[in-house]
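Below you'll find only one chain, the form predicted on its own, shown as structure tokens.
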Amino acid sequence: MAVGVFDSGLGGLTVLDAVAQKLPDVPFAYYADSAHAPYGVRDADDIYDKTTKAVERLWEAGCDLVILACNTASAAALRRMQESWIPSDKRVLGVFVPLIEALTERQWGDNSPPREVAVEHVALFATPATVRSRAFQRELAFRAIGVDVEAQACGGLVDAIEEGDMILAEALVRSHVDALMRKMPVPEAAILGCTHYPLMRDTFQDALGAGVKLYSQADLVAASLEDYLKRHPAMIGPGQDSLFLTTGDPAKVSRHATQFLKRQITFEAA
């Protein structure tokens, strides 16, 4: 009855923590491709190859449903995976859908013409690969009109968070926010378009100002997954145990994961 959660590193733990609180009886298998993080500087084919390998490992662990708790993988690989790779008895879902639904206040299956939404000026903070993909802008344009999106590629931020260097991470957040606000001085909303970034949520909010509404994906994905599993209970896989897998150094990854979640997390080699 397990569900898989994948991220290039530890950022997806923000999603895992939220979904585990929402679904306490479901065991989750988490896969961190820490040896190859960050994905945000890789090309689309490389991201696709590494993402499919990780998803296959989670299928082996008994997870018929896998959440890509990684915006870069969702942006650069998911559409290709869904079109030609995923077998009919498996599902792989990304983190964009709940975010787009929240921002546009309409369900994903609503195919009515694009319409005006509550916000006009949106800041997007994401990895370089996510920004290059323009996946967020593309999906938003299907559903909303009149929304100006200014994207800021946050180079170096994931590396700093993965290394546990929060002083550097805070400096980078403030630098990237300053760069974006030179292009869009008064955003109404800001998207934390990487699952690592909620670990720096307070710094983003402070740098942006209290009047900017922050959208981060963990709680949105958790609510969406709960609803999905109510409608598709058969997609809960046969796996029985919660586990944490990493391609990196298990001791180092466990130490940083424990620091992030403020509870003991023990990874094993993938």
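Worth saying up front: this structure is predicted, and the values here are computed from it rather than measured. Start at 1 with the first residue shown and count on from there.
The same protein also exists as the form predicted together with D-glutamic acid; that form is not shown, yet it is the one meant from here on.
Q. Does the 4.5 Å heavy atom contact test between Leu99 and D-glutamic acid in the predicted bound form come out positive?
A. It does not: once D-glutamic acid is placed as it appears in the predicted bound form, Leu99 has no heavy atom within 4.5 Å of it.
Q.
Under a 4.5 Å heavy atom criterion, is Tyr31 part of the interface with D-glutamic acid in the predicted bound form?
A. Outside the cut-off, so no.
**Q.** Interface membership of Ala77, D-glutamic acid in the predicted bound form, 4.5 Å heavy atom rule
**A.** Result no; Ala77 lies far from D-glutamic acid in the predicted bound form.
Q. Does Met200 reach D-glutamic acid in the predicted bound form, with heavy atoms at most 4.5 Å apart?
A. Outside the cut-off, so no.
Q: Choose one stretch from 54-62, 206-214, 39-47, 227-235: the one whose residues place a heavy atom within 4.5 angstroms of D-glutamic acid in the predicted bound form.
A: Correct option: 39-47.
Q) Does anything in 108-129 come within 4.5 Å of D-glutamic acid in the predicted bound form by heavy atoms, and if so which residues, in order? A) Only a single residue, Thr127, comes within 4.5 Å of the partner.
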